[in-house]
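Heads up, the chain shows up twice below as structure tokens, two forms, tagged structure 1 and structure 2.
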Structure 1
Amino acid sequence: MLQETAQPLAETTTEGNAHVELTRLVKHFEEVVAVDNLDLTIERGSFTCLLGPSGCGKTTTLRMISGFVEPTGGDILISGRSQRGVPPHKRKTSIVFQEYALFPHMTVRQNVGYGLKVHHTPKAERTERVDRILEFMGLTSMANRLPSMLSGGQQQRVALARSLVMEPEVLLMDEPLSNLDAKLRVRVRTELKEIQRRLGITTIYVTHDQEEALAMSDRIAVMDEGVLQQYGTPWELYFNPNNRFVADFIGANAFVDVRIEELTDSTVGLAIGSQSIELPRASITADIENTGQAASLSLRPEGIGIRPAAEHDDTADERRTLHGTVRMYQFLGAYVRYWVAVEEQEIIVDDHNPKRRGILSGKVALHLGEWEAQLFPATG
């Protein structure tokens, strides 16, 4: 997505209209706490990702919304109505499974028409709706094939068509792209997002791929070990992570141990070994009150300028500059990624204009951008 301004675009789709609400949702599997006190409000028509590492409880959450898994505590509201005790087929949700779960003994048309048939939709209407969705999904030409005769991407579309034809209020998807290869994944996710946008259907999408989440979502709920870490627009998550976990999980970055030297109303002074720098006070997220306190500075590789130490002049703002030595680099085409040692710590820096100076080595000066640094309390 292209951003003209520093304002997130996502604001345009939120209408302040809650569709799915999770309230203090809890799920225990014997000892394991899969989901812990999850509160989440999902807007009507929005595309929401549940994002987090493996085992964080995303699938469990999705299955509780669909009704396959009974919550241990808390409630799920859809359009304000509690779903407690409502079986999956009575909910206005439809789920697309990670493994598609197409019926192998039915053709594409039979698969897509299955739900309508179950609901005793009259034959004429059924044919019409199935035809329309097949057309919409570009599956018309393979309507009479068995799923085993389709490619992964096509199977994925059939699974989606089978859900969409039911005209659910809420579409649930569990890592629907994880069985596709990398190239296809990017293409299908664009298609998926486009379909969702055209239909305006509330969608909850589980993934552990942060890039996928950033690219598709209106809002992202980042989870770890069953606990919600942050819920916000991709923009907020990327530039204003709530905590170290979110900062670490989304985007590449380096954490540097620092000590707070000075706190004013507008700035914060930091010491990294024998060097010191100054950042806007707004970089501080929480819990930092005292000078002398140890903290952890998160730096995005793209937010740091790099140049040879020799070119560094005093006109540059010394309070935003760190001095270090290039330890390693990778040439990645569009940019060069450097690992720079600063006072025995490592900072990752991307040079997005490698042709300007060629590959750097030896001593360099790093210039910190205005906003791309975040300060978190030090962890043990």
Structure 2
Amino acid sequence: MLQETAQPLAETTTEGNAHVELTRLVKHFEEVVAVDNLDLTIERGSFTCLLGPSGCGKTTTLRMISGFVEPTGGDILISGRSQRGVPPHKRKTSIVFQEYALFPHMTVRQNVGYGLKVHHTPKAERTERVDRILEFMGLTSMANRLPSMLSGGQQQRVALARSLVMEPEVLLMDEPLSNLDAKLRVRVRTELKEIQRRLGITTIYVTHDQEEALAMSDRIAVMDEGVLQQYGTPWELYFNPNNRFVADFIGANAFVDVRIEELTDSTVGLAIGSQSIELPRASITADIENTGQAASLSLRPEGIGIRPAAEHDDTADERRTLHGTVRMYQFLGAYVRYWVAVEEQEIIVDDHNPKRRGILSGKVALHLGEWEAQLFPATG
């Protein structure tokens, strides 16, 4: 539980000015390009996630910011100052690793104060700063315990306290919740975001968990094979992905092969096998200009209504209705996820009110929400 302090460590800030700037940042490991011309501006006081699959370059980027990895090219600026040639211990950054690396023979207090001791901080100041951060993090009652006496979540808070007590300008976190179980991860990520909000500290957080990134971030940088795919708010990435990779990586999605039948100023007509549907022209992302053109239709499962095919719905627009057959389902408590075969393709649909009609089977009708679909150029 976070504890309020009489004197907060810092006021929450949202100044909107650049704090960390990555300019044409490049890292090669022999013939492998780990990061490729990365340009990124991170605002002061923001919480930014570097998100992507394993090997996308996110951890390498974090380690270049911290100074543990030297860039092959480009530059890193913190508060307008280049970090080229600046060793890690002289940067205004602090990093929390995936492995907490707490000293097992030291108490919580000793672990938290270790960095200050190494930096020869006077004892009185060291005691005051450690006491203050222990109170802020709700760790005062555990100050004399060894790490082995703490839960995973408590150990994570000690590791975070050890970084924050150094009073960094920028807090770096490398998948710090990956060792926690699912329920604890959800609770601790809420605590982390609250700590960041209260301190107003610029935070750069690496994860491959898109749900974690959506829940915690002010902005997300999605990377793939060392290249930045999109940088924006969680809302922008989820509802307006730049490309198919981002649409596929952020949230659940189904991609359906379609053909452009008709284009008007306001609508686009699509053929899916023998069926036809109509969507707003705004569903088109880019590079789709001609009738007869093949395309890939991206559908979010929560944006599709489902009902038995024999059940009439006066509110459903038949121009946005597809017909298929339930192939499989999973009951997940709050909703049922269906896999529906449509013209030899598969669409995922989430019914968030399963108690209303129970589990569906056989022939069904799918109603596409007006703004819940996007068209991307066909692949291959």
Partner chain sequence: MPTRSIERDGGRRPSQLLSPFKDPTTITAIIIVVVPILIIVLYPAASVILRPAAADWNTFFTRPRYLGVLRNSLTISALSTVSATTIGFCFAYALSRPNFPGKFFFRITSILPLVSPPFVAGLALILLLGRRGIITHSILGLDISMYGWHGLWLAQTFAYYPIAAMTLSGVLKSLNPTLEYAAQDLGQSRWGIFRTVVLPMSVPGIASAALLVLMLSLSDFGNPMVIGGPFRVMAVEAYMQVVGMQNLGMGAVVSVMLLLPSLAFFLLQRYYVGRRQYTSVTGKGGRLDPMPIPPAAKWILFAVLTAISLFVVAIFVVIVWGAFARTWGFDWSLTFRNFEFTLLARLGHIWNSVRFSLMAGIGTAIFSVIAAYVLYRRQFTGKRAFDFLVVLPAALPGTLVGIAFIFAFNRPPLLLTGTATIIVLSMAVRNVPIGYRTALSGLHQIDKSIEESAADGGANTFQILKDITLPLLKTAFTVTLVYTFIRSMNTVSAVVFLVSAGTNVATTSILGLAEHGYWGEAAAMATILIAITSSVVILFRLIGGKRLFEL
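Throughout, residue numbering runs from 1 along the sequence of structure 1. Remember, predicted model here, so these are calculated numbers, not experimental data. Heads up, when I say rigid core I mean the largest set of C-alphas that superpose within 1.5 Å between the two forms.
The form predicted alone is represented by structure 2; structure 1 is the other form. Once the cores line up, the CA of Arg198 ends up less than 2 angstroms apart between the two structures. After superposition on the rigid core, displacement of the C-alpha of Val118 between the two structures amounts to 2 Å or more. In the core-superposed comparison between the two structures, the C-alpha atom of Leu146 has shifted by at least 2 angstroms.
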